[in-house]
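Here's a solo chain for you in C-alpha coordinates, the form predicted alone.
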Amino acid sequence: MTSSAPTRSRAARRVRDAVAGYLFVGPFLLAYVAFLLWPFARGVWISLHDWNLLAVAINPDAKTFVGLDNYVRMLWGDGLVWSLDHQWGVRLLGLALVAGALWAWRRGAIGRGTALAAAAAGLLVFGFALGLHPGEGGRWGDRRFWPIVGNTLTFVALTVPAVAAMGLALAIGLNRDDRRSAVLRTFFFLSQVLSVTVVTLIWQLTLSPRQGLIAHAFRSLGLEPLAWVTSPDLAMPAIVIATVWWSLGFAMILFLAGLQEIPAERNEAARLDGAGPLQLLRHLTLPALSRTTTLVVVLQIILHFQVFGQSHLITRGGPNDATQVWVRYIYQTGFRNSELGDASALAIVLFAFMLVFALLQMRASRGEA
(Lines give C-alpha, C1' and ligand atoms only; values in the text may rest on other atoms or scores of the structure.)
Protein backbone atom coordinates (compact mmCIF):
# COMPACT_ATOMS: atom_id res chain seq x y z
CA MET A 1 0.00 0.00 0.00
CA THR A 2 2.79 2.41 0.91
CA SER A 3 4.65 1.80 -2.37
CA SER A 4 1.58 2.25 -4.57
CA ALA A 5 0.63 5.64 -3.04
CA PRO A 6 3.77 7.49 -4.31
CA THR A 7 3.26 5.85 -7.71
CA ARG A 8 -0.31 7.15 -7.93
CA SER A 9 0.87 10.55 -6.73
CA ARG A 10 3.53 10.73 -9.46
CA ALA A 11 1.03 9.64 -12.11
CA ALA A 12 -1.47 12.26 -10.94
CA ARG A 13 1.26 14.92 -11.00
CA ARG A 14 2.20 13.96 -14.57
CA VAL A 15 -1.45 14.21 -15.62
CA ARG A 16 -1.78 17.64 -13.99
CA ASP A 17 1.43 18.83 -15.68
CA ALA A 18 0.20 17.56 -19.06
CA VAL A 19 -3.19 19.24 -18.61
CA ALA A 20 -1.51 22.49 -17.55
CA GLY A 21 0.78 22.34 -20.59
CA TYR A 22 -2.13 21.80 -22.98
CA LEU A 23 -4.07 24.64 -21.35
CA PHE A 24 -1.11 26.97 -21.92
CA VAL A 25 -0.56 25.82 -25.53
CA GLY A 26 -4.26 25.47 -26.36
CA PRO A 27 -5.07 29.13 -27.17
CA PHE A 28 -2.10 29.35 -29.51
CA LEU A 29 -3.02 26.09 -31.25
CA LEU A 30 -6.62 27.24 -31.68
CA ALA A 31 -5.48 30.56 -33.16
CA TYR A 32 -2.91 28.78 -35.36
CA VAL A 33 -5.52 26.38 -36.75
CA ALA A 34 -8.20 29.07 -37.13
CA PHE A 35 -6.06 31.76 -38.74
CA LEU A 36 -3.37 29.79 -40.60
CA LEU A 37 -4.03 26.09 -41.18
CA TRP A 38 -7.75 26.40 -41.94
CA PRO A 39 -7.37 29.33 -44.39
CA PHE A 40 -4.52 27.48 -46.11
CA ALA A 41 -6.59 24.29 -46.43
CA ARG A 42 -9.53 26.36 -47.62
CA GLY A 43 -7.33 28.02 -50.23
CA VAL A 44 -6.18 24.62 -51.51
CA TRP A 45 -9.82 23.52 -51.74
CA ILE A 46 -10.84 26.67 -53.63
CA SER A 47 -7.88 26.25 -56.03
CA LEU A 48 -9.42 22.92 -57.16
CA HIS A 49 -12.59 24.66 -58.36
CA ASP A 50 -13.80 26.95 -61.09
CA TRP A 51 -14.82 29.54 -58.51
CA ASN A 52 -16.18 32.89 -59.66
CA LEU A 53 -16.18 35.22 -56.67
CA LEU A 54 -19.32 37.15 -57.59
CA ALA A 55 -21.30 34.13 -58.76
CA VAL A 56 -20.56 32.10 -55.62
CA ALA A 57 -21.40 35.10 -53.43
CA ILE A 58 -24.89 35.09 -54.96
CA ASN A 59 -25.28 31.32 -55.31
CA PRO A 60 -22.98 29.11 -53.14
CA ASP A 61 -23.53 26.20 -55.56
CA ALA A 62 -22.18 28.12 -58.56
CA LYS A 63 -18.73 26.54 -58.25
CA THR A 64 -17.45 23.55 -60.23
CA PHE A 65 -14.81 21.05 -59.13
CA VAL A 66 -12.07 20.95 -61.78
CA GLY A 67 -9.28 19.17 -59.92
CA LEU A 68 -5.81 20.28 -61.00
CA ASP A 69 -7.01 22.10 -64.13
CA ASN A 70 -6.19 25.54 -62.70
CA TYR A 71 -2.61 24.44 -61.99
CA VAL A 72 -2.20 22.70 -65.35
CA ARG A 73 -3.53 25.70 -67.26
CA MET A 74 -1.25 28.07 -65.34
CA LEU A 75 1.98 26.05 -65.41
CA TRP A 76 1.59 23.88 -68.49
CA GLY A 77 -1.06 25.14 -70.91
CA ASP A 78 -4.54 24.73 -72.31
CA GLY A 79 -5.78 22.91 -75.39
CA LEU A 80 -2.50 21.02 -75.97
CA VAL A 81 -2.47 18.19 -78.52
CA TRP A 82 0.11 15.57 -79.48
CA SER A 83 1.05 14.67 -83.03
CA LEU A 84 3.66 12.36 -84.48
CA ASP A 85 4.96 14.80 -87.11
CA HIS A 86 5.43 17.84 -84.82
CA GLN A 87 9.14 18.89 -84.84
CA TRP A 88 9.94 15.59 -86.50
CA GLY A 89 13.48 16.61 -87.47
CA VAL A 90 14.59 17.47 -83.93
CA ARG A 91 12.81 14.43 -82.56
CA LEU A 92 14.48 12.05 -85.00
CA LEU A 93 17.87 13.51 -84.12
CA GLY A 94 17.14 13.05 -80.39
CA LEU A 95 15.98 9.49 -80.87
CA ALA A 96 19.16 8.82 -82.86
CA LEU A 97 21.15 10.05 -79.84
CA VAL A 98 19.17 7.64 -77.64
CA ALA A 99 20.03 4.82 -80.02
CA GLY A 100 23.68 5.93 -79.87
CA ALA A 101 23.65 5.73 -76.06
CA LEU A 102 22.29 2.18 -76.21
CA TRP A 103 24.92 1.24 -78.81
CA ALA A 104 27.65 2.71 -76.60
CA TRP A 105 26.38 0.62 -73.69
CA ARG A 106 26.48 -2.52 -75.82
CA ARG A 107 30.10 -1.72 -76.70
CA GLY A 108 30.93 -1.18 -73.00
CA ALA A 109 31.74 2.53 -73.39
CA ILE A 110 29.18 3.62 -70.76
CA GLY A 111 27.51 1.90 -67.85
CA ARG A 112 24.14 0.25 -67.93
CA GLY A 113 22.56 2.77 -65.53
CA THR A 114 23.77 5.74 -67.57
CA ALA A 115 22.49 4.21 -70.79
CA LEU A 116 19.06 3.41 -69.32
CA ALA A 117 18.76 6.91 -67.81
CA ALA A 118 19.72 8.53 -71.13
CA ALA A 119 17.28 6.31 -73.03
CA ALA A 120 14.40 7.04 -70.64
CA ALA A 121 15.06 10.79 -70.69
CA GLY A 122 15.41 10.82 -74.46
CA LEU A 123 12.19 8.90 -75.02
CA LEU A 124 10.34 11.19 -72.62
CA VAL A 125 11.65 14.39 -74.22
CA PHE A 126 12.00 13.47 -77.88
CA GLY A 127 9.40 10.73 -78.10
CA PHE A 128 6.66 12.48 -76.13
CA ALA A 129 7.25 16.04 -74.91
CA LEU A 130 8.34 17.57 -78.23
CA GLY A 131 5.24 16.13 -79.85
CA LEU A 132 3.02 18.33 -77.69
CA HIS A 133 1.88 21.68 -79.04
CA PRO A 134 -1.15 23.98 -78.66
CA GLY A 135 -4.09 22.97 -80.80
CA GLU A 136 -6.67 25.31 -82.26
CA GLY A 137 -7.45 27.91 -79.57
CA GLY A 138 -4.84 26.41 -77.23
CA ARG A 139 -1.79 28.03 -75.66
CA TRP A 140 1.29 27.27 -73.62
CA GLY A 141 0.73 28.21 -69.98
CA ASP A 142 -0.57 31.52 -68.72
CA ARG A 143 0.66 34.30 -71.01
CA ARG A 144 1.35 36.63 -68.09
CA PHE A 145 2.32 34.12 -65.42
CA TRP A 146 5.90 33.27 -66.38
CA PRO A 147 6.97 36.88 -67.16
CA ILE A 148 5.51 37.90 -63.79
CA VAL A 149 7.42 35.07 -62.09
CA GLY A 150 10.55 36.42 -63.80
CA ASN A 151 9.81 39.92 -62.49
CA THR A 152 9.36 38.60 -58.96
CA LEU A 153 12.55 36.52 -59.09
CA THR A 154 14.45 39.55 -60.43
CA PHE A 155 13.09 41.69 -57.60
CA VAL A 156 14.08 39.08 -54.98
CA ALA A 157 17.52 38.59 -56.57
CA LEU A 158 18.20 42.34 -56.43
CA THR A 159 16.77 43.17 -53.02
CA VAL A 160 17.79 40.23 -50.80
CA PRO A 161 21.59 40.41 -51.38
CA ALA A 162 21.50 44.22 -51.21
CA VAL A 163 19.61 44.26 -47.91
CA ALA A 164 21.83 41.56 -46.40
CA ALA A 165 25.12 43.15 -47.51
CA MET A 166 24.19 46.72 -46.62
CA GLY A 167 22.60 45.66 -43.33
CA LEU A 168 25.80 43.82 -42.38
CA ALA A 169 27.96 46.80 -43.37
CA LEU A 170 25.83 49.18 -41.29
CA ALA A 171 25.86 46.80 -38.33
CA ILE A 172 29.66 46.49 -38.40
CA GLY A 173 30.07 50.26 -38.73
CA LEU A 174 27.63 51.06 -35.90
CA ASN A 175 28.63 48.29 -33.50
CA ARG A 176 30.04 50.80 -31.01
CA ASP A 177 28.99 51.91 -27.56
CA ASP A 178 28.75 55.67 -28.08
CA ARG A 179 26.04 58.29 -28.50
CA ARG A 180 26.66 58.92 -32.20
CA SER A 181 26.31 55.25 -33.11
CA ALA A 182 23.11 54.99 -31.05
CA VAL A 183 21.62 57.99 -32.86
CA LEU A 184 22.60 56.60 -36.27
CA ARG A 185 21.16 53.16 -35.41
CA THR A 186 17.88 54.81 -34.52
CA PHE A 187 17.97 56.90 -37.69
CA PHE A 188 18.54 53.90 -39.97
CA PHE A 189 15.87 51.83 -38.18
CA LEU A 190 13.18 54.53 -38.43
CA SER A 191 12.27 53.56 -41.99
CA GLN A 192 11.29 50.08 -40.77
CA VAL A 193 8.43 51.39 -38.64
CA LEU A 194 6.81 53.24 -41.56
CA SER A 195 3.88 51.67 -43.38
CA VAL A 196 4.24 50.68 -47.02
CA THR A 197 1.87 53.51 -47.99
CA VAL A 198 4.09 56.14 -46.36
CA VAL A 199 7.21 54.59 -47.90
CA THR A 200 5.73 54.63 -51.39
CA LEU A 201 4.56 58.24 -51.00
CA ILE A 202 8.06 59.27 -49.93
CA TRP A 203 9.63 57.55 -52.92
CA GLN A 204 7.00 58.79 -55.35
CA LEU A 205 7.94 62.33 -54.36
CA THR A 206 11.65 61.52 -54.40
CA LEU A 207 11.57 59.92 -57.85
CA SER A 208 9.13 62.36 -59.45
CA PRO A 209 10.68 63.81 -62.66
CA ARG A 210 9.06 67.19 -61.93
CA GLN A 211 9.42 68.00 -58.22
CA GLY A 212 11.48 65.08 -56.93
CA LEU A 213 14.76 65.51 -55.06
CA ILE A 214 16.65 63.43 -57.61
CA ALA A 215 15.16 65.49 -60.46
CA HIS A 216 16.29 68.74 -58.77
CA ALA A 217 19.78 67.31 -58.33
CA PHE A 218 19.92 66.37 -62.02
CA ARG A 219 18.72 69.83 -63.09
CA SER A 220 21.30 71.52 -60.89
CA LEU A 221 23.96 69.56 -62.80
CA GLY A 222 22.43 70.52 -66.15
CA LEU A 223 21.09 67.03 -66.81
CA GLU A 224 17.65 65.88 -67.86
CA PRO A 225 15.75 64.13 -65.00
CA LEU A 226 15.09 60.43 -65.39
CA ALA A 227 11.53 59.14 -65.75
CA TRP A 228 11.94 56.43 -63.13
CA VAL A 229 8.35 55.26 -62.83
CA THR A 230 7.37 55.34 -66.51
CA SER A 231 10.56 53.85 -67.97
CA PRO A 232 10.51 50.05 -68.56
CA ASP A 233 14.22 49.92 -67.73
CA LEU A 234 14.10 52.06 -64.58
CA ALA A 235 10.77 51.12 -63.00
CA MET A 236 12.07 47.91 -61.42
CA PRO A 237 15.23 49.58 -60.02
CA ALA A 238 12.93 52.28 -58.58
CA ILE A 239 10.90 49.85 -56.48
CA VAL A 240 14.08 47.92 -55.58
CA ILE A 241 15.67 51.10 -54.18
CA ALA A 242 12.53 51.92 -52.20
CA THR A 243 12.33 48.38 -50.80
CA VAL A 244 16.01 48.21 -49.82
CA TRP A 245 15.72 51.56 -48.01
CA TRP A 246 12.62 50.33 -46.20
CA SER A 247 14.02 46.88 -45.23
CA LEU A 248 17.53 47.89 -44.25
CA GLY A 249 16.84 48.72 -40.60
CA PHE A 250 15.49 45.29 -39.69
CA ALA A 251 18.50 43.46 -41.19
CA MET A 252 20.87 45.88 -39.45
CA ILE A 253 19.30 45.19 -36.04
CA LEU A 254 19.54 41.41 -36.52
CA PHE A 255 23.20 41.65 -37.53
CA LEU A 256 23.91 43.96 -34.58
CA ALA A 257 22.43 41.37 -32.23
CA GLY A 258 24.65 38.72 -33.82
CA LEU A 259 27.76 40.89 -33.60
CA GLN A 260 27.18 41.59 -29.93
CA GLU A 261 27.12 37.85 -29.25
CA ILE A 262 30.72 37.51 -30.45
CA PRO A 263 33.06 37.67 -27.40
CA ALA A 264 35.27 40.76 -27.45
CA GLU A 265 38.21 38.64 -26.23
CA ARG A 266 38.15 36.68 -29.50
CA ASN A 267 38.55 39.84 -31.57
CA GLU A 268 41.32 41.10 -29.30
CA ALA A 269 43.20 37.80 -29.53
CA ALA A 270 42.95 37.86 -33.33
CA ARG A 271 44.27 41.45 -33.46
CA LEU A 272 47.20 40.52 -31.20
CA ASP A 273 48.00 37.70 -33.64
CA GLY A 274 48.26 40.28 -36.42
CA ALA A 275 44.87 39.88 -38.09
CA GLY A 276 43.74 42.89 -40.09
CA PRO A 277 40.16 44.14 -40.55
CA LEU A 278 39.54 42.04 -43.69
CA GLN A 279 40.96 38.92 -42.06
CA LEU A 280 38.79 39.51 -38.98
CA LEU A 281 35.74 39.90 -41.20
CA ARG A 282 36.46 36.81 -43.30
CA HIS A 283 37.73 34.36 -40.68
CA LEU A 284 35.95 35.48 -37.52
CA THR A 285 32.95 37.75 -38.05
CA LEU A 286 31.28 36.09 -41.03
CA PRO A 287 31.56 32.50 -39.68
CA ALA A 288 30.19 33.66 -36.32
CA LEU A 289 27.27 35.34 -38.10
CA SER A 290 26.36 32.35 -40.28
CA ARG A 291 23.10 31.63 -38.44
CA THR A 292 22.15 35.30 -38.36
CA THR A 293 22.88 35.60 -42.08
CA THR A 294 20.68 32.58 -42.79
CA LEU A 295 17.87 34.10 -40.72
CA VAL A 296 18.15 37.46 -42.50
CA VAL A 297 18.26 35.92 -45.99
CA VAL A 298 15.36 33.51 -45.37
CA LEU A 299 13.18 36.25 -43.86
CA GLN A 300 13.97 38.63 -46.72
CA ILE A 301 13.21 35.94 -49.33
CA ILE A 302 9.82 35.25 -47.72
CA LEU A 303 9.00 38.95 -47.37
CA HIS A 304 10.14 40.03 -50.82
CA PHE A 305 8.40 37.19 -52.65
CA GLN A 306 5.24 38.74 -51.20
CA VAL A 307 5.98 42.26 -52.44
CA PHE A 308 2.77 44.08 -53.29
CA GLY A 309 2.52 47.65 -52.03
CA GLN A 310 5.58 49.05 -53.79
CA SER A 311 4.53 47.70 -57.17
CA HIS A 312 0.88 48.57 -56.67
CA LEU A 313 1.34 52.11 -55.38
CA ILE A 314 4.49 53.36 -57.14
CA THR A 315 4.21 51.88 -60.64
CA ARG A 316 0.78 50.16 -60.77
CA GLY A 317 2.59 47.12 -62.11
CA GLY A 318 3.70 49.02 -65.19
CA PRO A 319 4.84 50.10 -67.57
CA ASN A 320 3.69 47.16 -69.70
CA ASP A 321 3.87 44.74 -66.74
CA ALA A 322 7.56 45.58 -66.21
CA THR A 323 7.01 45.67 -62.43
CA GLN A 324 3.99 43.38 -62.20
CA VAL A 325 4.72 40.97 -59.36
CA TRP A 326 3.21 37.73 -58.14
CA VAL A 327 1.05 38.95 -55.26
CA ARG A 328 -0.35 41.84 -57.28
CA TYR A 329 -1.26 39.36 -60.04
CA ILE A 330 -3.05 37.21 -57.43
CA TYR A 331 -4.91 40.31 -56.26
CA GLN A 332 -5.96 41.24 -59.80
CA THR A 333 -6.97 37.68 -60.69
CA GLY A 334 -9.04 37.18 -57.54
CA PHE A 335 -10.65 40.57 -56.97
CA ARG A 336 -10.64 42.36 -60.30
CA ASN A 337 -11.34 39.36 -62.54
CA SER A 338 -13.30 37.47 -59.82
CA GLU A 339 -11.41 34.23 -60.69
CA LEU A 340 -10.90 33.03 -57.13
CA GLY A 341 -9.95 29.47 -58.12
CA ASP A 342 -7.12 30.68 -60.35
CA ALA A 343 -6.01 33.20 -57.71
CA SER A 344 -5.88 30.47 -55.04
CA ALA A 345 -3.81 28.25 -57.34
CA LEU A 346 -1.40 31.16 -57.91
CA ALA A 347 -1.12 31.64 -54.13
CA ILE A 348 -0.42 27.94 -53.49
CA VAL A 349 2.31 27.88 -56.15
CA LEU A 350 3.81 31.06 -54.61
CA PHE A 351 3.90 29.33 -51.23
CA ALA A 352 5.69 26.35 -52.81
CA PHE A 353 8.24 28.69 -54.43
CA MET A 354 8.96 30.46 -51.13
CA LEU A 355 9.26 27.15 -49.28
CA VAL A 356 11.70 25.72 -51.83
CA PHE A 357 13.92 28.83 -51.81
CA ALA A 358 13.94 28.99 -48.01
CA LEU A 359 14.82 25.29 -47.69
CA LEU A 360 17.60 25.59 -50.27
CA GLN A 361 19.10 28.57 -48.43
CA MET A 362 18.92 26.77 -45.08
CA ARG A 363 20.48 23.65 -46.59
CA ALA A 364 23.28 25.67 -48.20
CA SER A 365 24.03 27.50 -44.95
CA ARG A 366 24.04 24.21 -43.01
CA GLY A 367 26.50 22.78 -45.52
CA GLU A 368 28.78 25.82 -45.13
CA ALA A 369 28.64 25.53 -41.33
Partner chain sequence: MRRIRPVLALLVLALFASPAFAQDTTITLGRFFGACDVSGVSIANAVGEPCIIQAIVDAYSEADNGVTVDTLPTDWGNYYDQIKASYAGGIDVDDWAPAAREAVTFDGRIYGVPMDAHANLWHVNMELMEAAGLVNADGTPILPSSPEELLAHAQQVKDATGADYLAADFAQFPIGVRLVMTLVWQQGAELFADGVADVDSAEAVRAVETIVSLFDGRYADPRLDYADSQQSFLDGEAAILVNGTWVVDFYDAQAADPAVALTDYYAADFPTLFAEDATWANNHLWAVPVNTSRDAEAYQAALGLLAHINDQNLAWARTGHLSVRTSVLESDAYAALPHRDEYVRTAAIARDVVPVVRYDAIQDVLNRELQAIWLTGKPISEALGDADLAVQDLLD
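Computed from a prediction, not measured in an experiment: that's the story for all the values here. Residue numbers count along the first chain shown, from 1.
Not pictured, yet referred to below: the form predicted in complex with its partner chain.
Asks: Name the single residue among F65, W45, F335, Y32 that comes within 4.5 Å of its partner chain in the predicted bound form, judging by heavy atoms.
Replies: Only one listed residue qualifies here, and that residue is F335.
Asks: Which of these residues, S191, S208, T292, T200, gets a heavy atom within 4.5 Å of its partner chain in the predicted bound form?
Replies: Checked against the cut-off, the match is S208.
Asks: Indicate whether the candidate residues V149, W245 and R282 are all in contact with its partner chain in the predicted bound form, with contact defined as any heavy atom within 4.5 Å.
Replies: Zero of three within 4.5 Å in the predicted bound form.
Asks: So, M236 and its partner chain: in the predicted bound form, are they within 4.5 Å at any heavy atom pair?
Replies: Answer no; every heavy atom of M236 is more than 4.5 Å from its partner chain in the predicted bound form.
Asks: Taking heavy atoms and a 4.5 Å cut-off, does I301 contact its partner chain in the predicted bound form?
Replies: Answer no; every heavy atom of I301 is more than 4.5 Å from its partner chain in the predicted bound form.
Asks: Using a 4.5 angstroms cut-off on non-hydrogen atoms, would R139 count as touching its partner chain in the predicted bound form?
Replies: Yes.
Asks: Can you tell me whether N70 touches its partner chain? I mean in the predicted bound form, with a 4.5 angstroms heavy atom cut-off.
Replies: Result no; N70 lies far from its partner chain in the predicted bound form.
Asks: Counting only heavy atoms and a 4.5 Å cutoff, which of 246 to 254, 107 to 115, 176 to 184, 220 to 228 contacts its partner chain in the predicted bound form?
Replies: Contact criterion met by 220 to 228 only.
Asks: For the stretch 313 to 331, I need every residue with any heavy atom inside 4.5 Å of its partner chain in the predicted bound form, listed N to C.
Replies: Going through 313 to 331 in order - heavy atoms within 4.5 Å of its partner chain in the predicted bound form - the hits are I314, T315, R316, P319, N320, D321, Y331.
Asks: Answer with closer or farther for the CA-CA spacing of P134 and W326 in the predicted bound form compared to the shown form; it moves by 3 Å or more.
Replies: Relative to the displayed form, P134 and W326 draw closer in the predicted bound form - a change of at least 3 Å between their C-alphas.
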